[in-house]
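The chain below stands alone, shown as structure tokens; this is the form predicted alone.
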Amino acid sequence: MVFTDAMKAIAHKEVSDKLKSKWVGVITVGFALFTIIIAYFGTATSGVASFRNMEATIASLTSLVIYFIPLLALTLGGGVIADERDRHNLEFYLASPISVTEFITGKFIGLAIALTLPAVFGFGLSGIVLVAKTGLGSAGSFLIFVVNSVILGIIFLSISFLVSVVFYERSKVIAFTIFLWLFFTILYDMGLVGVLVVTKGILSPKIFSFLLMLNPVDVYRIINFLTIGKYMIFLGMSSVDLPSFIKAPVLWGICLLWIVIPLMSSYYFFKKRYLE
């Protein structure tokens, strides 16, 4: 796909708006403080506060990032259509010689950059401190964690675009994004635990793994714990053996599908709603 001038202009406007509103700066500081506090005070329950090894820090950060980044991304992209309609800009876009692909892609790239910048700079600044305390050998694991966190945000940004197009009224968008956040971060895993309890371990690892892949939050968890070599503790299911094909490249491929499918669906529904 060619990155056209229209896409660049729309993406630039989205990034510029977020920079002017100081949204990027506030979130960057939040990510940095968030990481340092967790890394330093994570051992406070044992009576000693200090920087731990990077593996323990990533495990703690993973457990909290799954709540914060999806909510941030869903909020950021959920109003992409409602905001333009409330500002009476949507009619302008529809009347201009801009294709649906250019509109959706430009918006998505701009908001993805706006979401990525604070994550990279916020985690990056705190990562320098952590690497200085834990050693240069831990830099690779933390870098992979940052990349995975950015991917998680982009996944939920893509999902939020689909929600914004399907439920273009602001009240419905807000209600459904809250539901999705609760579903993917809390309810889905509770349901899986309930299935395991009801089936008393009869559920095969392959079927269980397939069910995990239907939740991007679980995919994110597994990738991070594979990175630190402790994937068995995720969700507290230490007795569950994941199949050998569950490897980082496969999981990143699934993440790509989680980005592409909702975004392509957004294109389809937007075109069907406004151009037919």
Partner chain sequence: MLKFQQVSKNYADVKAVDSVSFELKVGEMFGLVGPNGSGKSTLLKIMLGIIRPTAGELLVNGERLSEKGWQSFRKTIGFMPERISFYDNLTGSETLTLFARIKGGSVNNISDILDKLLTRGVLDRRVGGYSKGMRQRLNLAQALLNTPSLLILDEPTSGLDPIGTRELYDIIDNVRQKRPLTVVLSSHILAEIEEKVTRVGVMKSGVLKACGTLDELYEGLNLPLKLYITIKDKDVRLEEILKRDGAVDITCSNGHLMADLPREHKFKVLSSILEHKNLFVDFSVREPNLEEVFFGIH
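Residue numbers count along the first chain shown, from 1. Since the model is a prediction, treat every value here as computed from it, not as a measurement.
This next part talks about the form predicted in complex with its partner chain, which is not shown.
S.K.: Using a 4.5 Å heavy atom cut-off, which residue among T185, T116, T75, S99 comes into contact with its partner chain in the predicted bound form?
M.R.: Selected option: S99.
S.K.: So which stretch, 88-96, 171-179, 190-198, 117-125, is the one near its partner chain in the predicted bound form (non-hydrogen atoms, 4.5 Å)?
M.R.: In the other structure, the partner sits against 88-96.
S.K.: So in the predicted bound form, does any heavy atom of K22 sit within 4.5 Å of its partner chain?
M.R.: Heavy-atom contact with its partner chain at 4.5 Å: absent for K22.
S.K.: Can Y274 be called a contact residue for its partner chain in the predicted bound form at 4.5 Å between heavy atoms?
M.R.: Y274: contacts its partner chain in the predicted bound form.
S.K.: Answer yes if any heavy atom of I259 is within 4.5 Å of a heavy atom of its partner chain in the predicted bound form; otherwise answer no.
M.R.: No, I259 stays farther than 4.5 Å from its partner chain in the predicted bound form.
S.K.: Please tell me whether any heavy atom belonging to A9 falls inside 4.5 Å of a heavy atom of its partner chain, as the geometry stands in the predicted bound form.
M.R.: A9 belongs to the contact set for its partner chain.
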